[in-house]
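We begin with a single chain expressed as structure tokens, specifically the form predicted alone.
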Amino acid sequence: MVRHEKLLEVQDLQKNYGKKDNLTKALRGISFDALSGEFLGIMGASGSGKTTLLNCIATIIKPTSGRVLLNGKNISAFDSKDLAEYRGSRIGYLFQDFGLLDNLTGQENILLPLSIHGMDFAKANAQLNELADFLEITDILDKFPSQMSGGQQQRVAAARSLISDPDIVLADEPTGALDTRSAKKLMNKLESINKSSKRTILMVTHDPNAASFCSRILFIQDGIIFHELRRKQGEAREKFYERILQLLAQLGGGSANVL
């Protein structure tokens, strides 16, 4: 039996916006673990706290209370040097809107995180060639974003999130701006990366098609986790997709069951 270690631990995470009468509780004490090599999905309605959670893990925003641990280390306690390393090499972030710079080529966009953090370019070029081949973007590395399709831009963004060989990839609605064909192609690539290199992926999505590629899904409502759905061993993605649709149709109250 293969043992999976805890890679990410989220402990009683809370995030408030505003004060007193204008106080909004975006996260209300979320706790969960993400295992090494897991493909974990986060689902919920708009305003449920999904992106706030992801941004707390990415240190884009600071939680009001609670802790986020990566490999047992509390990222809230990091000094500026450790925080820069965490953002630059320990996590990769895949944005819904691609986040590519218009005046840089695909190759320059992919290598940008390494140039910012002063990493080894010899190693980076080898990694770039491998990722470009795998993601089928070799022929567009010299093109600018305006010369690429949406699917190509998102695959370039995926390569950028992976170039530093991060411990975990955070994906925020990665298929949200893509057509159905491009979305499926991207998800197939992310699933292959997860399985072939045991890369841990934490993905926020509202799309049941994208969610069906996950091994486990956490459902968030009003800032709390209230349901969990696990993909059964050997279960076909189509069957898991059907169970996700059934659950979404049934949800209306706060259940803590694991299906």
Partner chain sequence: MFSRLIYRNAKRSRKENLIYFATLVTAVASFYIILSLGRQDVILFLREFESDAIDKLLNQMPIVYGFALFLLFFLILFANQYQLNRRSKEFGTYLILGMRKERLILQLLAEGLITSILALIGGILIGGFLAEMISLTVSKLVGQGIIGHHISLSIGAIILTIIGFLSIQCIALIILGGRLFTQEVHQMLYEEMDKKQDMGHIKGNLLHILIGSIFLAAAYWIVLYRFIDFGGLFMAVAFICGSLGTLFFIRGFGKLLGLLTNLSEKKSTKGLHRFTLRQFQENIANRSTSVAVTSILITLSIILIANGASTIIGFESSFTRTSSLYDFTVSGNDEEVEQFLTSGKMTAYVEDLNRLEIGRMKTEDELGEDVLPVSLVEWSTLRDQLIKATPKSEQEDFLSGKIQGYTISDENSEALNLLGTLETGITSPYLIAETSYNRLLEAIGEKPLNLAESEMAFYFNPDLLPMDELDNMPVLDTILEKAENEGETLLSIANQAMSIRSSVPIRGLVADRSIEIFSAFIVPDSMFDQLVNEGTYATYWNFRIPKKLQDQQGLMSPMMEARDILMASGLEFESYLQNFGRQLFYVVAGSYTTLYMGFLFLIIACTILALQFLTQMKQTRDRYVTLSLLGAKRQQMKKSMHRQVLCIFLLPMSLACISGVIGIRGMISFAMLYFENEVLLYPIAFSFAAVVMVIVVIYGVAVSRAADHEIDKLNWKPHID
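Residue numbers count along the first chain shown, from 1. Source: prediction; values computed, not measured.
Just so it is clear, the following notes concern the form predicted in complex with its partner chain, a form of the same protein that is not shown.
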query	finding
Segment assignment from 224 to 232, 38 to 46, 57 to 65, 188 to 196: heavy atom within 4.5 Å of its partner chain in the predicted complex	57 to 65
Single option in 105, 71, 96, 138 placed near its partner chain in the predicted complex, where near means a heavy atom within 4.5 Å	105
Sole residue of 129, 149, 180, 80 within 4.5 Å of its partner chain in the predicted complex, by heavy atom	80
Contact label in the predicted complex: residue 134 to its partner chain, heavy atom within 4.5 Å	no
Touches its partner chain in the predicted complex: residue 112 (any heavy atom, 4.5 Å)	yes
Distance check, residue 88 to its partner chain in the predicted complex, heavy atom within 4.5 Å	yes
Any non-hydrogen atom of residue 160 within 4.5 angstroms of its partner chain in the predicted complex	yes
Heavy atom contacts to its partner chain in the predicted complex at 4.5 Å, residues of 12 to 39 in sequence order	none
